[in-house]
Ligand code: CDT
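Below, in structure tokens: the form predicted alone, a single chain.
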Amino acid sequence: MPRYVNVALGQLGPIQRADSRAQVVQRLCALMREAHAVGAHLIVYPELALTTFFPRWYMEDQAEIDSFFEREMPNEATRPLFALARELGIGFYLGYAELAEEGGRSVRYNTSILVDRTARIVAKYRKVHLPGHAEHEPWRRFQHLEKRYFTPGPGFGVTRAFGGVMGMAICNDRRWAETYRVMGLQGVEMVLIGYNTPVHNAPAPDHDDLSLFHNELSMQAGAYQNGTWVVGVAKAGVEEGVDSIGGSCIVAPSGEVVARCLTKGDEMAIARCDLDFCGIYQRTTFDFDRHRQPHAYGLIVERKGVTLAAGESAPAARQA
């Protein structure tokens, strides 16, 4: 029997700092109703979907920082979303800032959860690849302080849900080949990714015009090279003066984009995803058991940064 998952993109427009969680959850519920009306089994929301993207500000007051974090899930603000999911029989992926207690101390993660069609949390993921910087850099037009506010997560797992093998990642994770390959080695059939991506890249402004291209490039490569569906969903538009890309899309295991959002506001789009289509790639070109050569890949885990071969000179950009 074919295994189809009707997946909806639940793209959000900007969330301003004055917007309450209750207001945001109303918007998430509206998108969920739209998705249900066209037959969705699952809707994917962005990274840090309940608040504005707060790492753009340098803050020292821990109480102020913690006001952006969730201590439990579901909680009072998000209970209506879980209740609607249960009523409609639709699952969801949701990104948020998580304040966890581990070994008697507080640990803060950039987190996503996967909720099944009975409104039960079946998986949790904590962002591994934290971009940006940890200290105040006032030369920037806006900060990107994820390294200050979050702890990296432990790794990439997969979960059997929605009739297939599901994985999760968050934002910057999508740029790293290792993200997809680790899940690919666990048989992943669909990777769900929420993101907030500014148009402007302060350390590399020459990249600004390529932001949307790089977004699709990384997800298309990850999908094709691992024979998996990839669903990427943005929080987009001008938020607290910072313009972020949209580009929410669903990529097939062939690397082809099969659905996309067209605006930078709240928008829903949907695709019917055949999980068995993954096998066309996982059993042929990317049959890992037949074709991978792990003995040749040792440097990937033995070395974190670049080490030049003996006698080589560093390129000028690296010397700078």
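Computed from a predicted model, the values in this text were never measured in an experiment. Sequential numbering from 1, following the sequence displayed.
The next section is about a form of this same protein that is not shown, the form predicted together with the ligand.
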Open item on the list: Can you tell me if N172 lies within 4.5 angstroms of the ligand in the predicted bound form, counting non-hydrogen atoms only?
Closed with: yes
TODO: May I ask you to state whether D116 is within 4.5 Å of the ligand in the predicted bound form, using heavy atom distances?
DONE: no
Open item on the list: So, P131 and the ligand: in the predicted bound form, are they within 4.5 Å at any heavy atom pair?
Closed with: yes
Open item on the list: I'd like to know whether R148 contacts the ligand in the predicted bound form, with contact meaning heavy atoms within 4.5 angstroms.
Closed with: no
Task: Option touching the ligand, based on a heavy atom within 4.5 Å in the predicted bound form, out of S248, N196, S112, T179 - done: N196
- [ ] Choose from 221-229, 116-124, 139-147, 73-81 the stretch whose residues reach within 4.5 Å of the ligand in the predicted bound form, heavy atoms counted.
- [x] 139-147
- [ ] Any residue of 20-56 with a heavy atom within 4.5 Å of the ligand in the predicted bound form counts; write them all down in order.
- [x] E47, F53
